[in-house]
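In structure tokens, one chain follows: the form predicted on its own.
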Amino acid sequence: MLTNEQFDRTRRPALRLAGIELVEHHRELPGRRRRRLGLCDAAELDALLGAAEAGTSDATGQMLCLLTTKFTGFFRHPRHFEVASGHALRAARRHGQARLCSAATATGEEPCSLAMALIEGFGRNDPPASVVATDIDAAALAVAKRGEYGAAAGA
């Protein structure tokens, strides 16, 4: 569990770097996630917070990793993809094309799932729809750009 000072120091870069507003019920989240960064004790977290406050780019990247969710998978919420595909189909009928956005795309499984749902929904391999995928984590986007997924990414 983070101390009050550590939590306050974590909240500031969360808002500044990612637009994430951490509130009291998020207090345990950075403490649990710090282990995935190899930060074993309070002193290591304090060092990361100090480097992030100083604007060190490596520390900024680590803070983004600490603050963002990394859980993703293909067709994680199947109904969402059906609904989005249906909306895209109606938009394309009205306007000739549709454009969808996958925000916080992480490593890319969800926008790939959306593209597959569009192909199925339109009944063709080149639907008049596109997907724009974004994320603030450059390392996660690099994985998405490669588009190479192991068995663990499957639903």
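Please read all numbers here as calculations on a predicted model, not as lab measurements. From 1 onward, residues are counted along the sequence shown.
Keep in mind the form predicted together with a small molecule is missing from the figure; the text below concerns it.
Enquirer: Would the small molecule in the predicted bound form be within 4.5 angstroms of a non-hydrogen atom of every residue among Thr68, Arg76 and Ala106?
Expert: Result yes, every residue of the spot touches the small molecule.
Enquirer: Counting only heavy atoms and a 4.5 Å cutoff, which of 129 to 137, 143 to 151, 5 to 13, 21 to 29 contacts the small molecule in the predicted bound form?
Expert: Contact criterion met by 129 to 137 only.
Enquirer: Answer yes if any heavy atom of Thr72 is within 4.5 Å of a heavy atom of the small molecule in the predicted bound form; otherwise answer no.
Expert: Yes, contact at 4.5 Å.
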